[in-house]
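Form predicted alone, single chain, as structure tokens, below.
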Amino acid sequence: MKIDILIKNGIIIEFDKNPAISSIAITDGKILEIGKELEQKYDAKQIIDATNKIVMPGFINTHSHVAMSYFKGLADDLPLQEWLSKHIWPVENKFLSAEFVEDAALHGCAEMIKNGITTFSDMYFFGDQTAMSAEKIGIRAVLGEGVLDLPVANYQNADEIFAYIRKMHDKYEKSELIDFAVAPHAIYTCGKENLIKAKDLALELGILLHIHLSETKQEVQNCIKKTGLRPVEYLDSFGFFEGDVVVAHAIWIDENEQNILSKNNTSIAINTNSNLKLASGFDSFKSYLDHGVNLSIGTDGVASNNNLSIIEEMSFTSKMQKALNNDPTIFPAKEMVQIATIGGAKALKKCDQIGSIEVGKRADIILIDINNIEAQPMYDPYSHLVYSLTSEQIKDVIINGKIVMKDRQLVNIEEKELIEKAKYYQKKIAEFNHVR
């Protein structure tokens, strides 16, 4: 039988089995078979020798702002509101355009692939341009079009944004890589009326809702002062969590709020590095797990992180949670890897398609080289993934059954062009931000 790709002799990460040397047959974008001696069974167009490589599901980034890639390092070491109001928002107001977003998103998508991310859930503007860049480079994306009460980017009001989301949903409904979502920015930038409209639209179209929530202590205090309720309670009071919802950050959530999220099958996107860098705060996510809340990993945008490494996010999150709980046994390595893969798939309501290496699922797979000083000796692949390896050891990336990175070289795009374009925009942005 002819197939598209055969991955042979890799250390396969299957969550229901111990990691073992095996092979994977891929055709029509899906995993056809996992087993030994598949070379004799299939005639593959491409054979990837995965000897001395970990073969695992691609990472799923459940909260990002991919087109902010040109703002990396623009304004560091500042409080969140000062960072936003004095730097990010003015620069966005000056530069955001369809062309800018398409270029910046392509750069960010490339960086994600280099970090082993095969699916990302985004929140930004000009989603059509981000979709085009994602399809061009070959990455899977759930694109949340940002909703605010104020005029933003190319929209004068929220109703225009809702109409755009409906149009984009129709345009990409048959795409194998792109889904659209409704992304009200936050409870302090969206009033109740638009939050309800966002929820209703998501329910009508059967798509994801994606929102920043309880990111800072001040946000919680302001919500209580204004509504008499904590943020999760406020949203729950008008049925916001009725559909499929991902809340980003969620680091100031009390026990009652955790119960509400669990009851509604709402997922949290943890953004450890961004929250630490902006000093937004942190919480013990052990309680969230105890309450049955699904956890996933987000990187946030590179303007506040400043990288897109899920491996680094796993390591920081695991170690910080151990310290917070004074317990070295919690958030063990295998659980962290599952949060960064199948946890993300559950958050995006795609666990029947992606997030694990299983027959019938889409072939979103990464190969990580362990034949190097930093990775040897290796007793436990899960331990290495969380505590030892870096993104530089991710060598090959397959998305939807197609190779998009081979031996750390992107297949569908010229990296030199991305670098030159980034330098071009950097000069313009730096000059504006300096003289403003």
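None of these values were measured; they are calculated from a predicted model. Residue positions are given as counts along the sequence shown, with the first one as 1.
Below, we refer to the form predicted together with a further copy of the same chain, which is not included among the displayed structures.
- This chain is drawn without a further copy of the same chain; in the model of the complex, the residue among D170, D290, D76, E99 with a heavy atom within 4.5 Å of it is D76.
- The contact with a further copy of the same chain in the model of the complex, taken as any heavy atom within 4.5 Å, belongs to R408 out of R408, K402, K41, K30.
- Among residues of the shown chain, V142 is not one whose heavy atoms approach a further copy of the same chain to within 4.5 Å in the model of the complex.
- For N305, a non-hydrogen atom is located within 4.5 Å of a further copy of the same chain in the model of the complex, even though that partner is not displayed.
- A residue is said to contact a partner when one of its heavy atoms sits within 4.5 Å of a partner heavy atom; E37 fails this definition for a further copy of the same chain in the model of the complex, lying far away.
- Within this chain, E374 lines the site of a further copy of the same chain in the model of the complex, having a heavy atom no more than 4.5 Å away.
- With respect to a further copy of the same chain in the model of the complex, the three residues K17, V55 and D352 uniformly fall beyond 4.5 angstroms at the level of their nearest heavy atom.
- From the list 42-50, 385-393, 22-30, 57-65, the contact stretch for a further copy of the same chain in the model of the complex under a 4.5 Å heavy atom rule is 385-393.
- Contact residues in stretch 268-294 (any heavy atom within 4.5 Å of a further copy of the same chain, taken in the model of the complex) are N273, L276, K277, L278, A279, F282.
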